[in-house]
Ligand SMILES: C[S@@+](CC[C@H](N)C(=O)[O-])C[C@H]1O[C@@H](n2cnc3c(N)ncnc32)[C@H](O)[C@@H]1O
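Encoded as structure tokens, the following chain is the form predicted alone, with no partner shown.
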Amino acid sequence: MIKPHSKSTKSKKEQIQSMFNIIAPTYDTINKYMTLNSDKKWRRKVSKIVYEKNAKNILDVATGTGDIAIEMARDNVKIIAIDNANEMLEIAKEKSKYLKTDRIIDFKLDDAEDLKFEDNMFDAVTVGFGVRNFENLEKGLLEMNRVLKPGGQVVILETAVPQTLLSKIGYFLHTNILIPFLGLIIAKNSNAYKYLSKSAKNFPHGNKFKKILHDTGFEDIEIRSETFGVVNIYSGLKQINN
């Protein structure tokens, strides 16, 4: 298991919560630079996939500063967005004040691996760059499956490793040099961004993650590769017989 501080006796969940509370004030700025502003395009694609199924009741897990939830905000749609880092949620709440008054997101402090919601509650569950930070990946996915209605959709935006040689070289330089440098200069915390880079490289992306999704109760799983393969958007449906 990859943790921000490998020698710490604290659990990965505790470390992740503390890390994101610390880097919250500069998170959006660094995210903009380290994705070369591509994150906006990725979020729009997540939103489009969700609304292809006409979702009306949506849960955004590990919402962070709320960007995916805000992108998905629509009239007559209920969105609940959860995270375990309160400082990230405070920023998300502030950003959401600029939405139309009838486009309201309910931000809640909650644990992605122990969701405080009833079974079969949501039409869709989304996660943006969050599942690789779960302490127990399968447990978190099972929780997301539990709160989805039968046939409900999961959409996950997560890092991947490019497969072509040129893209791999660029990816290596970006993740091993640029991202920790941005973390050091902007957030004054290179260790946090070294962890994020390492966790991204070691995440079981592509078909490996597709199998994990299938094993945790999802079907009709599709993988959309974006921006030379540096991220994937996974979508699937909760199995009807679950």
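Note that the structure is predicted; figures quoted are calculated from it, not measured. Numbers follow the displayed sequence, beginning with 1.
Quick note: we don't show the form predicted in complex with this ligand, though the next part is all about it.
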Only one of 82-90, 117-125, 141-149, 96-104 has heavy atoms within 4.5 Å of this ligand in the predicted bound form; I'd like to know which. 82-90
Taking heavy atoms and a 4.5 Å cut-off, does residue 13 contact this ligand in the predicted bound form? yes
In the predicted bound form, does residue 62 have a heavy atom within 4.5 Å of this ligand? yes
Given that the partner is absent here, does residue 77 sit within 4.5 Å of this ligand in the predicted bound form, heavy atoms only? no
Would residue 31 count as touching this ligand in the predicted bound form under a 4.5 Å heavy atom rule? yes
Even though this ligand is not shown here, does it sit in the predicted bound form so that 20, 68 and 130 each have a heavy atom within 4.5 Å? yes
Exactly one of 112, 160, 156, 72 comes within 4.5 Å of this ligand in the predicted bound form through a heavy atom, and that residue is 112
